[in-house]
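A single chain, nothing else alongside it, follows as structure tokens in the form predicted on its own.
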């Protein structure tokens, strides 16, 4: 699965909420998931299909119900892709913090004079 496909699936707040629900509460039928949204059941089903196509959820049928569960493995690919950027921003923020500390020290020195 490409990172673009995963990012596109995660772009929707509704899809991120579906993933959060499946992560926190475990596998659930589509109907139970749909009850918690202020949108039609077919709309929720479409969001679940996008997540399924991205490999982020798995679907099983139990009688007439479709049950969904989180498949978190594709998120590891994103983590691996994002890690260098996290390091980059952490280093930048650390440098900014040091600069602000130096500026504060300089201002205190000027006030002491």
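Numbering follows the first chain given and starts at 1. Worth saying up front: this structure is predicted, and the values here are computed from it rather than measured.
If you look for the form predicted together with the DNA, you will not find it shown, but the lines that follow are about it.
Of the residues 36, 79, 87, 64, just one reaches the DNA in the predicted complex with a heavy atom at 4.5 Å or closer; this is 64. Among residues of the shown chain, residue 83 is not one whose heavy atoms approach the DNA to within 4.5 Å in the predicted complex. Proximity of residue 42 to the DNA in the predicted complex falls within the 4.5 Å heavy atom cutoff.
Contact check for residue 30: a heavy atom falls within 4.5 Å of the DNA in the predicted complex.
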